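As structure tokens, one chain now follows by itself in the form predicted alone.
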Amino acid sequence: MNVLKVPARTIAVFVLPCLLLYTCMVFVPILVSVYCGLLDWNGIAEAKFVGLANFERIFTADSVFWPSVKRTMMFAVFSMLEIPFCLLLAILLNRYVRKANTLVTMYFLPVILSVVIIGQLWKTIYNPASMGGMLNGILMAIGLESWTRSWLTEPQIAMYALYFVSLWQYFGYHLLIQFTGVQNIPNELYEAAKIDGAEGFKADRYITLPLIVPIFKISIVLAFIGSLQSFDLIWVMTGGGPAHATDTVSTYMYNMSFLSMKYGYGSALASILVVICLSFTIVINFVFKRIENKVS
């Protein structure tokens, strides 16, 4: 195999600008955020260095933080639940539907819509029937009046209503990823398996699933890490309410930083969120590396 030998200096010329830009755009803000987390500062007046006091208060005396972590983790877990269904649907579409690309495109449409539009749309759907809410209206029309709810204002239900909207919005996104992965598996492998007597889901067991693992990992990482940072949809639909019932770490951080004017405290929350995201990224990559080694 011919290998193009390029001097290290030439590689550095192309890599260093991107590396510097990436460092300035990613690592420097993280370091600044960590530093601000050590301050008692409202973002305007003179800052006071308080060391780890903000972090200590978050972990030991903040009644909102740990529930927000739980909701953030639940958001991430729910976002991953749809990925196996996306893979199954991708396999079925690829195998049995002639113009599957059209269906995948239709599923993908919510992804390209603005989150603000989606949030406003579902707020209207979740409205009480007296305000034209479609969901409650349908439940009443089919005789299920007892199921009608104030979907976004009841603390026990509001978060589940948000989970559903998020699943609906990104279903097409993960379906497209899985469908592309399934389509890229060479047909020759299935033809060879057919000669050996392996068809249908038996062929999927020994061909599709092992080869789709890297694509599956991408979906899992994107869904999990993206959900840990979930902010826009929640902020548009509930603003973290009622009474912090839908606050995740991101919305709570924004609330403390810019609405409560506790910038140092919000920066400490942001630093913790970065650590959580990095930790789970490492764990997911480690787990999938073990799986890839096992199935390869």
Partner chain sequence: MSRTKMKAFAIVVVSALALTLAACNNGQSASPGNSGEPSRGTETKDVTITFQNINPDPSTPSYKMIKQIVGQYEQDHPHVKIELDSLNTDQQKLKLKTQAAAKEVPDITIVNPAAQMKPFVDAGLLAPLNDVADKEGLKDTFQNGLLNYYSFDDKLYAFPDGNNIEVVFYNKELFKQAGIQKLPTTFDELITTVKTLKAKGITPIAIGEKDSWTGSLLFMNILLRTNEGPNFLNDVLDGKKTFNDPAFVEAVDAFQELVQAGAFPDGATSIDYNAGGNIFKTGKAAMYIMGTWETGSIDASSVAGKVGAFQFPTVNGKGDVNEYVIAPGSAFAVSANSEHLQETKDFLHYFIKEMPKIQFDLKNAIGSGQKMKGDLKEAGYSELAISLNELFKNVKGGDLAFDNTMNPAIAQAHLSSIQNLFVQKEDSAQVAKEHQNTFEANK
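Positions refer to the first chain, counted from 1. Computed from a prediction, not measured in an experiment: that's the story for all the values here.
Separately, the form predicted in complex with its partner chain exists; it is not shown, and the next lines address it.
In summary, among the residues 258, 49, 35, 59, the only one with a non-hydrogen atom within 4.5 Å of its partner chain in the predicted bound form is 258.
In the predicted bound form, no heavy atom of residue 278 sits within 4.5 Å of its partner chain. In the predicted bound form, its partner chain lies within 4.5 Å of some heavy atom of residue 123. In the predicted bound form, its partner chain lies farther than 4.5 Å from every heavy atom of residue 285.
The closest non-hydrogen atom of residue 101 lies beyond 4.5 Å of its partner chain in the predicted bound form. Using a 4.5 angstroms heavy atom cutoff to its partner chain in the predicted bound form, none of 105, 214 and 289 count as contacting. Of the candidate stretches 203 to 211, 105 to 113, 75 to 83, 153 to 161, only 153 to 161 has residues whose heavy atoms lie within 4.5 Å of its partner chain in the predicted bound form.
Contacts between stretch 19 to 55 and its partner chain, counted in the predicted bound form as any heavy atom lying within 4.5 Å, involve 19, 20, 23, 24, 28, 42, 43, 44, 45, listed in sequence order.
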